[in-house]
Each structure stands twice: as C-alpha cells, then as structure tokens.
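Just the one chain here, the form predicted on its own, laid out as structure tokens.
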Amino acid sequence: MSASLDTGLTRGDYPLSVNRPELLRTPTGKPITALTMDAVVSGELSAEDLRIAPETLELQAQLADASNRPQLAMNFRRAAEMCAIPDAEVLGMYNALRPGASTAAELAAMADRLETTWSAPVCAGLVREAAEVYARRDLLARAGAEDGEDTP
C-alpha cells in the first residue's frame, strides 16, 4: 500500500484536508471536496462515502513517519488494513484480545486469519506480539477452561 502511495509528504502537509486535499478520496473514489451537506441532502453520497479510505490512513501514516512518530504510523497502517475487515469480525478480535480471553492457539489462528483472509499482515503481527507478551505475563486463557474458569 505505501509503495504505491509514497507521496513524499512532510510535516508541513498536515492537515491534508487543507494542504493536500487533492490526495484525499472516499472509499468509492469521490474527491474529499465532494463531501458537502448539499451532496448528503440530495442523496449523491452513500454511507460508504462517509467512511475513511485505507489510502487516507496510509497518507496519515506517512505524515506520522515524517514527524518521527513511528508508533502512530503503525497504528494508522493497522487501521488501514482493518478497513477491509467486517465490523463484527473486528469486535470479535477486540474481545479475543482481552487478557485471559484466548489461548495461544486461538491468537495464532486469529493472526493467520488476518493474514490469509483479510491480507492484514501488520495486524497479524500485533496479534502475535500480544500473544508473546500474554504468554510471558501469564495472561493467556488455558486450553479447556470454561467461561473464564482457571484463567488469570
């Protein structure tokens, strides 16, 4: 994603909506300037037009990189990947990532699903990192435990 969108953004380009609006599009491809109240009232915009596009999140990641904020950049890149994941799946992942909610095998399966089903390797890496930290801190669910029984 970032290779095809590498725009050489600098800190001075922030905010993009003011300084580089030509780069911003809705998920359906409309320019950001098309997002007006008149367009909403007339029905020219759909709910999909009001969602953030993964490309916009990648641009925000580039701005964060240009500002020497690598953690923020990674958060934007994870968010960009998550745009393709259905909301119900995201909520399930959120619940599964709570300490004590999942076994190591369940988290490994989630990471694999993120990579193979949703093409989300950055998110998969976060889940694998969480599994390692949970293992070190004894925060993984125990295989066979029912309803939180025998979990930390």
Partner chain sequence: MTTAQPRPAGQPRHSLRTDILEARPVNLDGFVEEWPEKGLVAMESEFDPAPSVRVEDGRIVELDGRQRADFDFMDSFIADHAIDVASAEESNALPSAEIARMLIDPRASRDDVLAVTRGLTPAKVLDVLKLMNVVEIMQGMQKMRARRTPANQAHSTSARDNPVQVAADAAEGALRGFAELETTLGVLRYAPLVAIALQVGAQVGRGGVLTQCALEEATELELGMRGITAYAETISIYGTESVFIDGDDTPWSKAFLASAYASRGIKMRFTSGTGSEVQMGNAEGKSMLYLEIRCILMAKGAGVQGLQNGSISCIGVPGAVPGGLRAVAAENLVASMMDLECASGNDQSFSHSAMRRTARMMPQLLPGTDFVCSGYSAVPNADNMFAGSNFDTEDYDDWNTIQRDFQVDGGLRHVREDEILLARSKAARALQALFAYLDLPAVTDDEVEAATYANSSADYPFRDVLADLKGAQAVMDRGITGLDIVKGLESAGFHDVAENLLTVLRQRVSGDLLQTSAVLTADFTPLSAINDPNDYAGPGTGYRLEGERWAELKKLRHVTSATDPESEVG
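Residue numbers count along the first chain shown, from 1. What we label the rigid core is the largest C-alpha set whose atoms superpose within 1.5 Å from one form to the other. Source: prediction; values computed, not measured.
Another form exists, predicted in complex with its partner chain; not displayed. Remarks below refer to it.
- Although the partner is absent here, residue 129 sits close enough that one of its heavy atoms falls within 4.5 Å of its partner chain in the predicted complex.
- Although the partner is absent from this view, residue 143 stays clear of its partner chain in the predicted complex, with no non-hydrogen atom inside 4.5 angstroms.
- At the 4.5 Å threshold, heavy atoms of residue 91 reach its partner chain in the predicted complex.
- Contact check for residue 45: a non-hydrogen atom falls within 4.5 Å of its partner chain in the predicted complex.
- Residues 26, 32, 35, 36, 37, 40, 41, 45, 46, 47 of 26 to 48 are found to place at least one heavy atom within 4.5 Å of its partner chain in the predicted complex.
- After superposing the rigid core, the Cα of residue 138 is displaced by 2 Å or more between the shown form and the other one.
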